[in-house]
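Shown here is one chain on its own, the form predicted on its own, set out as structure tokens.
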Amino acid sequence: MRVLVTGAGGFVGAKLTEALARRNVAVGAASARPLSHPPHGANTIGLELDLLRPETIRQALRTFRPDAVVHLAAQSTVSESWERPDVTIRTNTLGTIELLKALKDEAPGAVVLTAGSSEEYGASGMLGIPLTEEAPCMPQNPYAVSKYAAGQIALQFARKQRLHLIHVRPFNHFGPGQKRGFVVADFISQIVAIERGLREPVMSVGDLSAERDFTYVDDVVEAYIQLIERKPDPGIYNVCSGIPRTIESLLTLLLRQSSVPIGVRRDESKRRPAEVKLFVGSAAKLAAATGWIPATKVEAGLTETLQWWRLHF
């Protein structure tokens, strides 16, 4: 199999590229900018692919000729989507359309996986139950809107053009290499800075009572690989643990591993408006289609992530 990964320089993209290379899969590591860590492995090549420059999409497809495409390239943070909603829509929605148009012409037989987000469900989290793929989507920020629009257009386009398309909605995920701006990375970066004496020994946190569904990045990557290898029916698939955890419980687990005593201080500026208290998914459809279940306990994943930050801070 020949797999083209867009956004190969990102958090999940880099992990996916590495995992595929270990399986001796031919990988096209596509990115808009030169990769900070060049692709390794005899079967892995770097490709330029900028969603805002359609000609680079077509050139990458012609060069690599993929059997599968995992589309991860995106503007991926909610906060930036509020600051630059126009760029978010152009990248996430219009960029996906350009990719699909190119695939129709250059690689119509490829299985396509587009990465959406659990943010697409939005206010449906207020139902207080595990969200299935049938739950209504009520996105609450520009990022969520961009992903929902991209997914809906992708599914309709694929149906019309007879492309085999899978749209995943991953819930919260974390692991080594994730940038700041996500809760686990934010917590750990503060802990490591305190351990090194770079800031006062007090954590600045937002609302700790919210419950979220967390999955370790290696398990998310495995879900994507299973989907492109097994090629289940086209459609939407949640990727999640199905287990709600309070943000406070994650912080407690991390503070237990700190090498120095650390206090906690609430920062009201970090509280999101219209906060959904419980947001958890169901991955029953994914499990039935592929047999996938998360293999990494959250506690072990947090330890791995903390150790990575200590080495790379």
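Keep in mind it's a predicted model, so treat the numbers as computed, not measured. Start at 1 and count along the sequence shown; that's the residue number.
This next part talks about the form predicted together with a small molecule, which is not shown.
**Q** Report whether the minimum heavy atom distance between residue 207 and the small molecule in the predicted complex is within 4.5 Å.
**A** Because a heavy atom of residue 207 falls inside 4.5 Å of the small molecule in the predicted complex, the answer is yes.
**Q** Flag residue 175 as yes or no: does it have a non-hydrogen atom within 4.5 angstroms of any non-hydrogen atom of the small molecule in the predicted complex?
**A** Contact check for residue 175: no, nothing within 4.5 Å of the small molecule in the predicted complex.
**Q** Taking the small molecule as it sits in the predicted complex, is residue 148 in contact with it (heavy atom to heavy atom, 4.5 Å or less)?
**A** No, residue 148 stays farther than 4.5 Å from the small molecule in the predicted complex.
**Q** Tell me, yes or no, whether residue 130 is in contact with the small molecule in the predicted complex, where a contact means a heavy atom of each within 4.5 Å.
**A** It does not: once the small molecule is placed as it appears in the predicted complex, residue 130 has no heavy atom within 4.5 Å of it.
**Q** Can you tell me which of 75 to 83, 93 to 101, 225 to 233, 153 to 161 lies within 4.5 Å of the small molecule in the predicted complex, counting heavy atoms only?
**A** In the other structure, the partner sits against 75 to 83.
**Q** Which listed residue (114, 215, 118, 88) meets the criterion of a heavy atom within 4.5 Å of the small molecule in the predicted complex?
**A** It is 118.
**Q** Which one of 181, 109, 136, 197 is close to the small molecule in the predicted complex, taking close to mean a heavy atom within 4.5 Å?
**A** Here the answer is residue option 181.
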